[in-house]
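What follows is one chain in structure tokens, specifically the form predicted alone.
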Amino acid sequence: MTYAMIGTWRMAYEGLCKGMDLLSQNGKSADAVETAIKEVEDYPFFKSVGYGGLPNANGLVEMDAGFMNGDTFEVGAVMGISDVKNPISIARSLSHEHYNSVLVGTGASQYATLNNFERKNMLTERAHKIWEKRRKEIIEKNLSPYDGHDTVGMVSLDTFGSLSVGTSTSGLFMKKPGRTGDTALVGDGFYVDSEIGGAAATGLGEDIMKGCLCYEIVRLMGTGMTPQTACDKAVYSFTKKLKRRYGKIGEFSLVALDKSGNWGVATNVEFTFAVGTEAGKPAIFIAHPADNDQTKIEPITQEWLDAYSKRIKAPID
């Protein structure tokens, strides 16, 4: 059997490389997903996931995460969890529970404490400065409080034919306390079936959850569509429908991987992602929506990568 992995955004790359190393040594897809996402959660310069994630309107970093096993359909998720180092690990642990597999807020945090998961203040000094700056801008410049809603999502296939998917985010910047998006909702932010494939989403959760897009992509792959065709059909048809019937639409992007290691991506905004297969080492690509409802995908340039590195580490005024 082959192995492969795909993840949302440039931030997925280093974690995906570690996940691919595990898969190349006949590691399990679930371990690859958790390892890869933990790498993203632990990096302080990614503003939308884990440590360094941007806080809610009250200055608290509330995080969401989800995990699903494609062999058994076991699902675990946390919503609004705080002061826990790796939400993806809590979500995976909860997936083994038949009851109480999705926990919210203080209940999720208490579960983490009782089961000896590492606690940590997830608000960095840098993130706090960004939060203070935005609060000032809201008052002085009448800017929208909401900015940044990038989820890391990973789908992996191991040499045993098992597929897993995981997601993690600190959610919408300056969100109201208790708000959750699609990230921890099965079928919306993630879905996987080892007999077909898996998908993960990123973007404005309030709009992604209106279409159950991850489930829809897996369903379409189950009819025989390639991951790319399934992503394009699900995303672009729903984008048109939502815009026509709701009147507006936020940004969202989805990635997919099938049981044979083929992958696909669709987006309504410029979107970077990382992917690795047995036949090709991990690489970063950039996707663009196209007028013909077929996503345009290109390799990332070194110039783009250099600019990205400078941007995420730039000093906060």
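From a predicted model like this one, the values you see are computed outputs, not experimental measurements. Residue indices: 1-based, along the sequence shown.
We do not show the form predicted in complex with another copy of the chain, though everything after this point is about it.
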Practice prompt. Among 225-233, 133-141, 69-77, 85-93, mark the stretch whose residues have heavy atoms within 4.5 Å of another copy of the chain in the predicted complex.
Written response: 69-77
Item to complete: Could you confirm whether L123 comes within 4.5 Å of another copy of the chain in the predicted complex, counting heavy atoms only?
Response: no
Worksheet item: So in the predicted complex, does any heavy atom of S162 sit within 4.5 Å of another copy of the chain?
Response: no
Practice prompt. Using a 4.5 Å heavy atom cut-off, state whether D158 contacts another copy of the chain in the predicted complex.
Written response: no
Practice prompt. Find out whether any non-hydrogen atom of T239 is located within 4.5 angstroms of another copy of the chain in the predicted complex, and reply yes or no.
Written response: no
Discussion item. Each of M221, T277 and I284 within 4.5 Å of another copy of the chain in the predicted complex, by any heavy atom, yes or no?
Written reply: no
Worksheet item: Though the partner is not shown here, which residues of 192-213 have a heavy atom within 4.5 Å of another copy of the chain in the predicted complex?
Response: D193, S194, E195, L204, E206, D207, M209, K210, G211, C212
